[in-house]
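One chain comes next, on its own, written as structure tokens: the form predicted alone.
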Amino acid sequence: MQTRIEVGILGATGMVGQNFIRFLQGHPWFDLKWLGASDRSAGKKYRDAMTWHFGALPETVADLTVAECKPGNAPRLVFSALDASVATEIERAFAQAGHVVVSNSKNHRMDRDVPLLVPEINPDHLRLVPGQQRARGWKGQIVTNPNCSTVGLTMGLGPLKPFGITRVIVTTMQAISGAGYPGVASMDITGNVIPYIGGEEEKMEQETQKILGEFRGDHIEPLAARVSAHCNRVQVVDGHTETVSVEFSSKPAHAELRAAFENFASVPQERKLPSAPPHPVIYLSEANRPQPRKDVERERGMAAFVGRLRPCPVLDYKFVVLSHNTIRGAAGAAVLNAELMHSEGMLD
């Protein structure tokens, strides 16, 4: 019988923290027993410490007393939903104290010795962790998941990596939930497109190269491809849609790329991890798909949906990819990371 593992959430009162709570409800391996937040929330019952944004507040957490984000009484495994302004020192303090920190925050993603993990794409990058612990003198560890827009791009590109990716141009149409709560002002986004999301393009370009890169003992050798991103906020609640053009060194045929999408599976599927979709990349053959309203909630929000694969007159091929930004791009991504780590014996 599977031994259940107690887990906690750092930054539990914010939107990302609330998404973690939702995603962990009924999890077969993880029991949510501890919630950490800022000093102003510490000591309160969770129901009194925040404004819940998702229907009924789960009774499993309503009466938990919120703790300060300090190591001590927290479970060994903690998910970090911390704001970037405070994540660096808090996450490091927990790792130093022996906690396994699985973080959605951006602060450590590009650190040389920290895995930036998409379990279907680069599970071997977890091999950075022993070196991280030695170099930093940590009993614990930090593992991160990518930016919400990077997840969709790398899940779309991952099946195509064997063909030799050399150049990528991606344009995003990103949902307003990616901006948190209260997010973008209604007068700014209604009937409008905002062609700027601070720091987003740089994250997509750099994180993609790291995720698709190769493990080299103490670091990741980035993918040599050049990546160019244009990021836009649009009036969609959930689901980042991305149009991608890609150039390959091997010049594959259309049928080869289509088969790569349709047959793609990896370690999470082989091990039947609880949050892993049976088919992580789902190709939709209809000319007008994928669409956020029709597709993003499928597979519990954990699959990427690809469509419109066709020749590109500038690069080689182009396609559309859709992923759920607050699930596969945040809470669900981190939970799947922890499941992979548990399957590797890293939580024992």
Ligand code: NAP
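Residue indices: 1-based, along the sequence shown. As the structure is a prediction and not an experimental result, all values here were calculated from the model.
Here the subject shifts to the form predicted together with the named molecule, a form of this protein not shown in this document.
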query: M15 within 4.5 Å of the named molecule in the model of the complex, heavy atoms; finding: yes
query: Partner contact for C69 in the model of the complex: the named molecule, 4.5 angstroms, heavy atom; finding: yes
query: Exercise: P278 in contact with the named molecule in the model of the complex, heavy atom 4.5 Å; finding: no
query: is_contact(G156, the named molecule) in the model of the complex, heavy atom dist at most 4.5 Å; finding: no
query: Selected contact from L82, I211, V100, V114, since only one has a non-hydrogen atom within 4.5 angstroms of the named molecule in the model of the complex; finding: L82
query: Of S177, Q206, T241, S245, the one that lies within 4.5 Å of the named molecule in the model of the complex (heavy atoms); finding: S177
query: Site check A37, V86 and R109: each within 4.5 Å of the named molecule in the model of the complex by heavy atom; finding: yes
query: Option from 40 to 48, 55 to 63, 311 to 319, 23 to 31 whose residues, in the model of the complex, bring a heavy atom within 4.5 Å of the named molecule; finding: 40 to 48
